[in-house]
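Next up: just one chain, as structure tokens, the form predicted alone.
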Amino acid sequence: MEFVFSQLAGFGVAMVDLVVDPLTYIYLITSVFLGITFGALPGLTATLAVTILTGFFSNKIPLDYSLIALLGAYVGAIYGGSYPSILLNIPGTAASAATAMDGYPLAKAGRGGEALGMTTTASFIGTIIGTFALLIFVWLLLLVSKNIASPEKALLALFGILLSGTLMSEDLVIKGWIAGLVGLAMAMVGLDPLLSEPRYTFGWSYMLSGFQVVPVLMGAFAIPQIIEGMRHIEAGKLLELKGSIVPNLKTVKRYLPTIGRSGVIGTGVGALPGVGEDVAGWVSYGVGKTVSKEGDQFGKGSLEGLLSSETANNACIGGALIPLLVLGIPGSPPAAALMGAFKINNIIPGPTIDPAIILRVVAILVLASLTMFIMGLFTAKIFIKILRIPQTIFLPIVMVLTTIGSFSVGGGINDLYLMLGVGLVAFFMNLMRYPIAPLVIGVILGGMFDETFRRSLLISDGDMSVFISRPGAAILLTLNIALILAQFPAAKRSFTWMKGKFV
């Protein structure tokens, strides 16, 4: 208990520092508003919101304010996706796809206000659950992670890339792995981190510094979405909002067990590297349908189904930051964009991170979720009006913002060429159903894998047994091999046989 109290005391100090600073409110209100707007507009995503703000803020304002802007947009965008899901039957973000299953039938039945009010409450509670899980578990894991050395770091980075490829693939897992390995190869370009010798630059001086994070993020996440949005204009019929948005306390109390369970599921899914809020929403929705006494009502306008997905996708935010802060491995695509901001500010997430930053992150998430809750209840009509803006107007604006954001980080035209090149590659990868997030995670983690893998071999004088002689490295190597073997039919049959034999 002493540990918990000490963490709460540190959190209290970080919270007071934020609350007494007037600039906190300016960044917080603006970023949460922008985040909800991005989430509410179909075709835009939380990843895009965080990515664009990374380009604008990450190296131009102090890190503390940059974190407020990025985390505020992150929290707001995940919640904002529920608006079009409920009123248009078009998910604003992938994270709110499950929300549309019950949100739209509720709105058609004249319960749109109730659905939005409960969604706002569940998103708030979900974010708080994920945030306090972050406050507690990140420190426990940091104690463990301080004992890992180069071999473990290399295998951990590889595991993050493979796992994100496995979980993000729509059809064939091999496509996710290919995307991750392409990102890993891109991370090798530039100056060798150990010998400072140029690699794969083809004599182009710009590439000496490798693939810059922000242009890659902008190109991979923004360009394909803008092109797709312009190709497929979605114009659903906006339902009229009926009923009060302010939630009934008795209804909230009735569904607290569902909200609590979904918060835990969302946090747990978020802690898996590279998975993200959309998976958290669907997993929680599936569990809710299985365990609920009214599971047959899911998909027909069930308030329990709505809360299952909406709580989990916001709780996922805190969970996604746990591997990011402890291991330097982003737990979701928006967290990958957030890691780009850390790198630009020369902050290395992982065992050596400054503890003050973690407490600051936790305090910001609490304030951001509170701001989102107040905005959701009292300014919902503004966001409903925003829903009426045609995609043909806001997508070109987003393209301009993306271009300015990418250019402003490095100040060179080459960043724009890189952004467009990566964007076109990502667009065609999308067409072929290759996931993009593993590519970005490969770029981000590739540097860590490259440096620690080679450092391990230098220390061991080229002896590969260094990856099995250490207990931690042996466990991680086993996990990597098991992850790959699990995709082969023969291995799947063996696992099924063993399960039937011994379980």
Partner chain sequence: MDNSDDITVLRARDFWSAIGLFFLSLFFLWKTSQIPLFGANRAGVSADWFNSAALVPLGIFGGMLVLSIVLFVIAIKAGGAQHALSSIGLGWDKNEALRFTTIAAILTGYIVGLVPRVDFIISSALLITALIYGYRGGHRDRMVTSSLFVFAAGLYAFVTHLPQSQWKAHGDDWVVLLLWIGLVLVSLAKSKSDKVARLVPLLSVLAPFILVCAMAFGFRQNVPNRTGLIFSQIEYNYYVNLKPLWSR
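Residue numbers count along the first chain shown, from 1. Please read these numbers as outputs of a predicted model, since none were measured by experiment.
One more form of this protein exists, namely the form predicted in complex with the partner chain; it is left out here, but the text below deals with it.
- Between 299 to 307, 108 to 116, 416 to 424, 123 to 131, the stretch whose residues reach within 4.5 angstroms of the partner chain in the predicted bound form through a non-hydrogen atom is 416 to 424.
- At a distance threshold of 4.5 angstroms between non-hydrogen atoms, residue 249 is out of contact with the partner chain in the predicted bound form.
- Remark: residue 407 counts among the residues lining the partner chain in the predicted bound form, judged by a heavy atom distance of 4.5 Å or less.
- Proximity of residue 387 to the partner chain in the predicted bound form falls outside the 4.5 Å heavy atom cutoff.
- Shown alone here, residue 204 lies farther than 4.5 Å from the partner chain in the predicted bound form, counting heavy atoms only.
- When contacts are defined as a non-hydrogen atom within 4.5 Å, none of 26, 295 and 376 contacts the partner chain in the predicted bound form.
- A heavy atom within 4.5 Å of the partner chain in the predicted bound form is found for one listed residue only; from 136, 208, 174, 357, this is 174.
- Comment: the partner chain is not present in this chain, but in the predicted bound form one of 194, 291, 143, 256 has a heavy atom within 4.5 Å of it, namely 194.
- Residues of 361 to 396 placing a heavy atom within 4.5 Å of the partner chain in the predicted bound form, in sequence order: 392, 393, 396.
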